[in-house]
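This document starts with one chain, in the form predicted on its own, laid out as C-alpha cells.
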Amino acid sequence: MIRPVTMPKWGLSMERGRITAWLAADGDEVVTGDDLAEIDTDKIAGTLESPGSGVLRCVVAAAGEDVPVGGTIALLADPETPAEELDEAARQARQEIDAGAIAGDEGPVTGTVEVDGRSLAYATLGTEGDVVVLVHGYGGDKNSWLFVQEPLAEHRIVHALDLPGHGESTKDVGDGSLGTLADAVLGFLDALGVERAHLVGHSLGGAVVVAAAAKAPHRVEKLTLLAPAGFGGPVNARYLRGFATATSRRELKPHLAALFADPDLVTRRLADDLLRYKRLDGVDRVLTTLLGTLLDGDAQAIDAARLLSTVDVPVTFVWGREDAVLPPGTTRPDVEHVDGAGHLVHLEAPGAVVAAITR
C-alpha cells in the first residue's frame, strides 16, 4: 500500500509551505511520529512528522521547493510495493504540484457560536470520533494549535477555540475571572451539542479547562494540561506585562523569545500578527484585565491545583523543560517533561504533545 505524505495545513491562512530540509532519505524505514522534513510557513518553521509507518520509497518534492497545502511531497510504502506503482503515484503527485493547486484539502471548518452575549470563534478538523477541545493561553488564539490539530483529527473531532477577548472572538472578557472563561468553554460545548469532551489547555487555557472540569466534571472525559497556570512555581511576570504593554515589533520581539527554547522561532511575521491583534479595539482592556487574573504582584494569582483536587477525571501534564514563562513548579510525579521545548511546547514538540493527548 502506498501512503502519501502531504504538505500540512498549519493554520487557517497557510496556503503553501517550503521544504527547507529532508530529515529522512529514500529507503529509510520510519514509524509514525518520526521526523521527516523541516517545513517553513509564513509564520513559523516546524517539523513534519511521519503520518504512518513504512519505508520512505520516494521523495517527490525536493528541499527548497514551495508546495501547495495538501500536495504530496513523498510516498511511504511497504518494501514489496512494485516500483511501477510508485513511479505512477510520484508522476501524478509531481503533476499536481506543478499545476499549483491541490483539490480536496480545504483545511479546518470555521464558525462562531454565541455564549453569554459574546461571539466565540472556532476551527474544526475531523468528522468522527471522540471530541477534543483545544484552549489556548494568554494572548494566543486557535491558530496556536497549528501543529497538533491536524494529526489529532485523523481519528477525532477537534475544535480549536478562541477564548473571549482573543483571536476572532468578541473582545470582551467581562471580569476576566477563571469562572467567566470556564463558562465560555462549557457554553461552547452546549452550543455545539457536545455532551463530553477531552479538554486540552495551554498555560492560562490549562487553568481554564481545570475550572471548567470543576464546574461540570460530567462534561469532561479527560484533561491534558500543557504548562498550565496555577500549579505553583514562579511566573515570568516581566514577560506577561511586557507582552501586554508592547506597542511595536521592537518592544514585543524580546518578550516573544521567552516563549521558545529556540528563540530563532520568533519570526517577523509572528510578531507582526500579534501586533495586529493587540491593536484591535478592546484588546488592550482584555489583556490588562487578564493580567489581574494571572498575577498577584509578581506571583501567580491562580490556584488551579486546588480546583483540580475536586475533580476525578484522568489528567496528563506536559511541560517544556526549558519553559521560561511558567517554569515547571509542581511537584506532581506525573508530569511529562519535554527536552528542548519551552513554554509553547505544542509548537516546539508537537509529536510529544500529540502522543500525550492520544495516550
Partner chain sequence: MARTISYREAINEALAQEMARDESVIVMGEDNAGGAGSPGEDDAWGGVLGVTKGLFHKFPGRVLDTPISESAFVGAAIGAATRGQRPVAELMFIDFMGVCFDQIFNQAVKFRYMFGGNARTPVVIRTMYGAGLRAAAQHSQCLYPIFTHIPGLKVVVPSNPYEAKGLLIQSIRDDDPVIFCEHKALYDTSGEVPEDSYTIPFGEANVVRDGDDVTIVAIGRMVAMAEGAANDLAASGIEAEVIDPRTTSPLDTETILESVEKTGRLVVVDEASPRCNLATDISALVAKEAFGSLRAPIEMVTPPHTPVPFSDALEDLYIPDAQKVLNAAKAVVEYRR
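For clarity, every value in this text was computed on a predicted model and none was experimentally measured. Residue numbers count along the first chain shown, from 1.
A second form of this protein, the form predicted in complex with its partner chain, is not displayed here; the remarks below concern that form.
- Remark: of stretches 267 to 275, 231 to 239, 132 to 140, 209 to 217, the one touching its partner chain in the model of the complex is 267 to 275 (heavy atom within 4.5 Å).
- Within this chain, D98 is remote from the site of its partner chain in the model of the complex, having no heavy atom within 4.5 Å.
- At a distance threshold of 4.5 angstroms between non-hydrogen atoms, R250 is in contact with its partner chain in the model of the complex.
- For the chain shown alone, D284 is not a contact residue for its partner chain in the model of the complex, no non-hydrogen atom being within 4.5 angstroms.
- Using a 4.5 angstroms threshold between heavy atoms, H155 stays clear of its partner chain in the model of the complex.
- Three-residue candidate spot E168, K171 and R279; every residue lies within 4.5 angstroms of its partner chain in the model of the complex by at least one non-hydrogen atom.
- Checked against its partner chain in the model of the complex, the residues T180, T245, T124, T112 give one hit for a heavy atom within 4.5 Å, which is T112.
- Residues are counted as partner-facing when one of their heavy atoms sits within 4.5 Å of its partner chain in the model of the complex; in 206 to 226 not one qualifies.
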